[in-house]
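First, one chain by itself in structure tokens, the form predicted on its own.
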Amino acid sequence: MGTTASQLAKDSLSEYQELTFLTKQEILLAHRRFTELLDRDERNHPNPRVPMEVILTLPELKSNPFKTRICQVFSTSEDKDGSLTFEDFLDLLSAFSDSATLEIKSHYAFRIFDFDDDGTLDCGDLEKLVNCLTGETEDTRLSSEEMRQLINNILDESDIDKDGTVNLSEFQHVISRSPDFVSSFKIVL
């Protein structure tokens, strides 16, 4: 499915429409924005990869507290460097689109919040999650006691099987009770 960055074939466009939650117009816009991130000599490469540092310059990601983690989750790079191909970029935009289902959005949110990629949200993941949301400056950082209490409250509310972690199913259960989640979990180009 790789395509040159300078031109998007009609059959590729149709295939991308079938495989994502994006419209034809959204795919074409994504292609244009992705191509703009490439150096001129990379534009004719069959499957170019944009470094994470360049992806993070997009205004839509720049202020997202999870921007680095988002790139890491959607990157198919064997180097695990957060770089994205056009198809990785489409997957990211599809998961964050208005048309993506609650199940898809919650699955990717869980993966983004699972900082150690072990399939559960443990105390370490929850602490990193809270720090991303509150900021990590002296003024906004929670004290150790506040952090411990907040994590205990999260686990009390979310950890149905009481194993000290939140698994995907438990996370999706919590998300299903949050009416704002689907509308707030989005990135629009």
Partner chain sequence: FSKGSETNQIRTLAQDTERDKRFFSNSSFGTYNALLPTGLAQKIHRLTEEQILIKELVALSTTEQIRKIRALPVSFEEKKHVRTQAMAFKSSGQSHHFSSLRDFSQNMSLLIRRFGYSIKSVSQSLQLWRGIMKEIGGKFGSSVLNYFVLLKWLLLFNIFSFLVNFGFITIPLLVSDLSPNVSPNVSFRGLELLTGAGYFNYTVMYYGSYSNETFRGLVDYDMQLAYFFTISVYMVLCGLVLIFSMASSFKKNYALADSASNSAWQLLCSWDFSITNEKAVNQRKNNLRIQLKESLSEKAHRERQTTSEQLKQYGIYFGSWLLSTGLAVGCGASIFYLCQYENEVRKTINYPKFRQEAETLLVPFVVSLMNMVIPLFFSLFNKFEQYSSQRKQIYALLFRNVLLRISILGVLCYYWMNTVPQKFTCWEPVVGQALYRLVIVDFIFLMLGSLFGEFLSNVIGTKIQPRLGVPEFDVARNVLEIIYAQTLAWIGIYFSPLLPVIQILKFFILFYLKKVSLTHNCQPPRRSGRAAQMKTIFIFLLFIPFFVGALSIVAYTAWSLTPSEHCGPFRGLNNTFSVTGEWIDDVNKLSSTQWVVWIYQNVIKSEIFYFLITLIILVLIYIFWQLIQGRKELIVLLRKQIVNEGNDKSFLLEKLQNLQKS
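Remember, it's a predicted structure, so these values are computed and weren't measured experimentally. Residue numbers count along the first chain shown, from 1.
Missing here is the form predicted together with the partner chain; even so, the following discussion is about that form.
Not displayed here, the partner chain is kept clear of Leu8 by more than 4.5 Å at the level of heavy atoms in the predicted complex. Heavy atoms of Val54 never reach within 4.5 Å of the partner chain in the predicted complex, leaving it off the interface. In the predicted complex, the partner chain sits beyond 4.5 Å of every heavy atom of Pro46. For Gly124, no non-hydrogen atom is located within 4.5 Å of the partner chain in the predicted complex, even though that partner is not displayed. Contacts with the partner chain in the predicted complex, taken as any heavy atom within 4.5 Å, map within 51 to 67 to Pro59, Glu60, Ser63, Asn64, Pro65, Phe66.
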